[in-house]
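First, one chain by itself in structure tokens, the form predicted alone.
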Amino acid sequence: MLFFPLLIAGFIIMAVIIDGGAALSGFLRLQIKPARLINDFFMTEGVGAALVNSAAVGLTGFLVIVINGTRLSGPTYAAIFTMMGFGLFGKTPLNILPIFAGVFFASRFALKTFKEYIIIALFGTALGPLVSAIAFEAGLPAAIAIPAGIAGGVLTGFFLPAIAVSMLHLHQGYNLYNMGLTCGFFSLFAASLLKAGGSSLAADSYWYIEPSLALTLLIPVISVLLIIVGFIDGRGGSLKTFVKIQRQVGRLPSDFIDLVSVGGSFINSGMVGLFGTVIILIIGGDFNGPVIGGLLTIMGFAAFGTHLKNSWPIVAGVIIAALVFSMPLTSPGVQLAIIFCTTLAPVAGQFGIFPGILAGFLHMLMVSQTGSWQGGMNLYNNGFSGGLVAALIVAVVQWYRSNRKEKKFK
């Protein structure tokens, strides 16, 4: 767990080096800015401010984990990386705290401990932009806007545990970003309600394109450090456990830290980060808030379902779909789909290369449409799309297998 405080501190130091004192003032302004997709905080308030915000969001999640006595595991590892990643384009401390509160109240209502729902709370912060949208975009009177946003976040968090269980049954663990499907489902209703109330959910897209050596090297440096830490932790056995991870299906819940080893998971995390970086470099993509945030996310899930072997067929499918339908590989949506499509890695892990490529192909088609359905309020839009694709593929495969089995025994 020591790695995360060091990573958080590193982000703050980098922010001060880049923007000095302006990083803090920009961070404060970010708290009241729109956060719906795609709001690249590098562009809206500067690189330093975004890095401080990412650190603050990560620290919030880390403290929630530590205070509740939750140990390091695949899900908590993935959650902190994901929160820090989306702290670069959508999550702020202000818009995630009401969701934590809502999940806490849900745990009390269900006569459970908050610790039992902590993973739902951490990943449920995908709906942070809903809090910001109600508070700062809905056009409510100033006296009630922020209280209404907080109330909306608390209500959102309260319903997430019930929805999350049902969504997991829908795709049966083949979509790693289950909370993406959960939050996407909920945000369909939230967006409809806001639109019915007269709120316009149209938003400008902010996408930072300025080249920066420091930002380009950020993920590779973190990745190399993870690999080094992994080798040190494993005392020579981490390479074997890294190879063992490549043989895992990755279907939820696949906690590589528990199933294999901490050291192997750290190495896998670093290798996935380097893999993602190389892909973005090859296509000529941008190293900005959303892309770096996406890379941090897949590095987190490298301890909870994603590895090189089950990821590349999904990525290949997305790229093939983009080329077939003349979608520029450097467009924001395609870049993010190339990274986040690894939510479907278990499909390739379970069913093989060609079903994995098909899943990636379908994902690219779906994800280009689903963001507008939710008004951009679900940050895990790829998780929403991935859940739909996984549900389709699993339903067809199971139907085929069950019918073939029945015919075999007749």
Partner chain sequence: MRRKDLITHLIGEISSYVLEGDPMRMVISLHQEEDGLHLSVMDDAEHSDDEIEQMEKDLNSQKRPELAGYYGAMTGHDLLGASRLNLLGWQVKHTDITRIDKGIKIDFWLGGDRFDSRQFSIPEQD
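Positions refer to the first chain, counted from 1. Just so it is clear, the model here is predicted, and its values are computed rather than measured.
Beyond what is shown, the protein has a form predicted together with the partner chain; the following relates to that form.
Asks: In terms of non-hydrogen atoms within 4.5 angstroms, which of the given stretches 108-116, 267-275, 321-329, 82-90 touches the partner chain in the model of the complex?
Replies: Of the options given, it is 108-116.
Asks: Only one of R247, H169, K240, K195 comes within 4.5 Å of the partner chain in the model of the complex by heavy atoms, so just point that one out.
Replies: Partner contact (heavy atom, 4.5 Å) among the options: H169.
Asks: Quick check on this chain: which one of L226, A164, I219, I338 has a heavy atom within 4.5 Å of the partner chain in the model of the complex?
Replies: Residue within 4.5 Å of the partner: A164.
Asks: With the partner left out here, check for me: in the model of the complex, does some heavy atom of L252 sit within 4.5 Å of the partner chain?
Replies: L252: yes, in contact with the partner chain in the model of the complex.
Asks: Taking the shortest heavy atom distance, is D233 within 4.5 Å of the partner chain in the model of the complex?
Replies: Answer no; every heavy atom of D233 is more than 4.5 Å from the partner chain in the model of the complex.
Asks: Should W373 be classed as touching the partner chain in the model of the complex when contacts are defined as heavy atoms within 4.5 Å?
Replies: Taking the distances in the model of the complex, the answer for W373 is no, it never comes within 4.5 Å of the partner chain.
Asks: Classify V394 as contacting or not contacting the partner chain in the model of the complex by the rule of any non-hydrogen atom within 4.5 angstroms, answering yes or no.
Replies: Judged by the heavy-atom cut-off of 4.5 Å, V394 is in contact with the partner chain in the model of the complex.
Asks: At 4.5 angstroms, heavy atoms only, are P75, M179 and Q350 all close to the partner chain in the model of the complex?
Replies: Yes, each of P75, M179 and Q350 comes within 4.5 Å of the partner chain in the model of the complex.
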